[in-house]
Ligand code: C2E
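Form predicted alone, single chain, as structure tokens, below.
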């Protein structure tokens, strides 16, 4: 637009002076100006929709400044030369055209104030001086008027330029804030790794790129033993542990591998390209080894390990969330069976996932009052071999699935809210059955981690115990280390509520997880129950025997009772008696039995205690 108007005004001035000025000023000089203006106009129009990088933009602006000054000087020299050949009317017309041209140039260049003011400084002063000193009083008034208009317009241009710069700065700041917000939304603030949102966005993008036939592997990583460190030393040091683990994981990122933190102590990765099973497991072993290396922080030297589950595209799933679910299931399986090792999702895992889905669906529609039953397994005092309590064990017979073992349906129930209803049903039936037992026979009952973490569930369970006719002093609640690790604060509060009712507390499966003396020290524990895995390895593994002896000695020193589960042979019982174990439980004394058989077992045990040997 600028150069189009300039060309039009050049033609107008040349036409006005065509009859009085020499041909050079009428044809040659205007032609040069017209060609230069046309070239610049075409150049700008051809580039108007093309992207320009900052360096190129800076060079273009400098070019505008140089060309504008040169063009203004040439234009000024030409118009001043024409002024000398004109009469009063033509001179007035020339001054009018030059001033109008200057105003239009200043307006079109308002966003380039230095260029606009430079043009005004070149073109206006000479004509204003000519008017002021070569004309009469009318010319002087006109010159003063034009000077005031020029100054006012220069002020307007400067103000417009400032407003424009502020608008640009505001937009740049807005873009910067948007970038920062986007970074915050997609980055984990603690470790600096991509977060869950960014991980799945990148994974889906990678899957789109690999859909033509490539391969991809997703891994889910969980730290083993982080919760005890976090609970024992506080969240500040726990955060430092997570940052250190993230730094170790970042060593495996880059190229085809992306590492992210999904939340808590859970991390994830995906790796583009086809990889063999051995390559995947080797990478997993390297990651586990890196995270297992001792943490040497200023305050502590801590040890962690990690479990990792892998799933492959396209063998295991075809979309991001299904891949994650299968990798997460492989992780879950690994933590249950091969903690601290990499696990690759397999067809067997797929079958178990489908079975879990069927169990979950059946649980949702189950009539638990009719379908759930309770069996009881005795706990015996070692010196006398007298039954002192029974542990309540859940049994579920589904109309659709048939009998479902508790090690299958309890974990599935714990994945949702169903576990609370299952727990209440089992406890109510167990308390009702135990009312008819002799007063010196107690009831042992397992609580889920989900129950301990739910204040609502604990309130309902406490009310159920209070309403029952069973003495809470005869009730022993078993909690696992896993339940404590999951949410220690809520678990501790729940245990205190149960203790206030009069119930006793037993720490179950001790030694199977990340045992911490902090739990024993900070909780009102009455008994420690050694995990069955150590008993099963007693004869073949001296380390298992040493662990059992150490735990029994620990219980003696802390004035705690000690129970051992999983006793299946006379040899195991004799060793435990020699080690000083207080209470035992296992198939050697009897398999779990129904409520109707409990009275017969108690009677037989009492009779044996009076003179007959239970072993016979």
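Being a predicted model, the structure only gives us computed values, none of them experimental. Numbering follows the first chain given and starts at 1.
The same protein also exists as the form predicted together with the ligand; that form is not shown, yet it is the one meant from here on.
Trainee: Sort through 406, 473, 303, 125 and report the residue having a heavy atom within 4.5 Å of the ligand in the predicted complex.
Mentor: Contact residue from the list: 406.
Trainee: Counting non-hydrogen atoms within 4.5 angstroms of the ligand in the predicted complex, say which of 244, 224, 231, 509 makes the cut.
Mentor: Comparing distances to the ligand in the predicted complex, the residue within 4.5 Å is 509.
Trainee: Pick from 97 to 105, 266 to 274, 394 to 402, 155 to 163: which stretch has non-hydrogen atoms within 4.5 Å of the ligand in the predicted complex?
Mentor: Result for this chain: 394 to 402.
Trainee: Against the ligand in the predicted complex, would residue 586 count as a contact residue? Criterion: heavy atoms within 4.5 Å.
Mentor: Yes, residue 586 is a contact residue.
Trainee: Is the gap between residue 536 and the ligand in the predicted complex 4.5 Å or less for some heavy atom pair?
Mentor: Answer yes; at least one heavy atom of residue 536 falls within 4.5 Å of the ligand in the predicted complex.
Trainee: So, residue 195 and the ligand: in the predicted complex, are they within 4.5 Å at any heavy atom pair?
Mentor: Residue 195: no contact with the ligand in the predicted complex.
Trainee: Taking any heavy atom pair closer than or equal to 4.5 Å as contact, tell me whether residue 532 reaches the ligand in the predicted complex.
Mentor: Judged by the heavy-atom cut-off of 4.5 Å, residue 532 is in contact with the ligand in the predicted complex.
Trainee: Within 4.5 Å of the ligand in the predicted complex - does that hold for a heavy atom of every one of 410, 447 and 565?
Mentor: All three within 4.5 Å in the predicted complex.
Trainee: With the partner left out here, which residues of 364 to 383 have a non-hydrogen atom within 4.5 Å of the ligand in the predicted complex?
Mentor: Residue within 4.5 Å: 377 only.
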